[in-house]
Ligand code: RIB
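A single chain comes next, written as structure tokens; it is the form predicted alone.
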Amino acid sequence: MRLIIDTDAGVDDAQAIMLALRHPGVTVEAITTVTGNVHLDKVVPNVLTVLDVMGATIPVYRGAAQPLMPNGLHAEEVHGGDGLGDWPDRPAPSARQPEREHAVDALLRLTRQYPGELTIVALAPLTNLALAARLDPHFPLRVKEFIFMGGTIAGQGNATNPTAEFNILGDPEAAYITLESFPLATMLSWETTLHHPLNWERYDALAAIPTPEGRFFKGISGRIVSLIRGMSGRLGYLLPDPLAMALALDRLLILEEERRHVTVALVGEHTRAQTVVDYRFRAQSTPNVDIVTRVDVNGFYQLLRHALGG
């Protein structure tokens, strides 16, 4: 598998990147960055830090610093001011620098260079992908597979709009453009993430792995773990971006999925950025998304253990 990762490098993004870098048979060709969980100026150093921890040399590209319609949305209350959980023992800043080429130009160049060979996993607002699709309408057709973490399938969101998921609310117009442009995508929704947590026993086992990767995983997770464990009814640790990455790396982890037409609501006081699923095939639109609804959590856990050297 040849992979491009598009990320806003918060805590779970970092863990998803770690998963990809340790998976056998996978070559990460590029990591493109975008404002989302934190601003782009923090996202890029976060990605470089992850690469240092993993001992990997991957080209990193700066992408869109703001959504198509600027909104000031961030998630520092979850991911910390630095985007990696404000871990006191965070490694020193990387000496490496991102590439000079813009992320959107890199997406277009790489897909022209390797048509039909690249899988894109998007873990962030879809600004870079929408810009690439607008600059070159053939861009989506050159992508082998497109997987994204984002959206809701039952209106149970995790953002300021009650029916919206954070990545889609981060740039609704970009999400709309991207879903209209790609002939087929695979979607891991927020609700599917909620239904497939790691139980706390498994999280604790991962956090106890005595490797540099294991210590990094535990260190950057601390803030979010405290938040989730403080919520009543939460039965485990939520890993939305690593789960999406795992589905890209091993399709056998997908136990159930259904193909539907999905678009994005762009207006509505309470529903802007909701992903609208045509469950009854009423819209007379061609289904464009494989919606993952059930996942092999045991297999996912084993992938995480391997990535952390456990």
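Quantities reported herein were computed from a predicted structural model and do not represent experimental measurements. Throughout, we count residues from 1 along the sequence that is shown.
Missing here is the form predicted in complex with the named molecule; even so, the following discussion is about that form.
Q: Which residue, N37, N46, T275, T32, is the contact with the named molecule in the predicted bound form, using a 4.5 Å heavy atom cutoff?
A: The residue in contact is N37.
Q: Report the residue, out of P172, G85, P240, P140, that has at least one non-hydrogen atom within 4.5 angstroms of the named molecule in the predicted bound form.
A: Checked against the cut-off, the match is P240.
Q: 197-205, 101-109, 174-182, 159-167: which one contacts the named molecule in the predicted bound form at 4.5 Å, heavy atom to heavy atom?
A: Looking at the other structure, the answer is 159-167.
Q: Would W190 sit within 4.5 Å of the named molecule in the predicted bound form, counting heavy atoms only?
A: Yes, contact at 4.5 Å.
Q: Just to confirm, V121 within 4.5 Å of the named molecule in the predicted bound form by heavy atoms?
A: Taking the distances in the predicted bound form, the answer for V121 is no, it never comes within 4.5 Å of the named molecule.
Q: Are any of the heavy atoms in I220 no more than 4.5 Å from a heavy atom of the named molecule in the predicted bound form?
A: Outside the cut-off, so no.
Q: Given that the named molecule is not shown alongside this chain, does A132 nevertheless sit within 4.5 Å of it in the predicted bound form, heavy atom to heavy atom?
A: No, A132 is distant from the partner.
Q: Could you list the residues in 128-149 that come within 4.5 Å of the named molecule in the predicted bound form, counting only heavy atoms and keeping sequence order?
A: Sequence-ordered list has one entry, M149.
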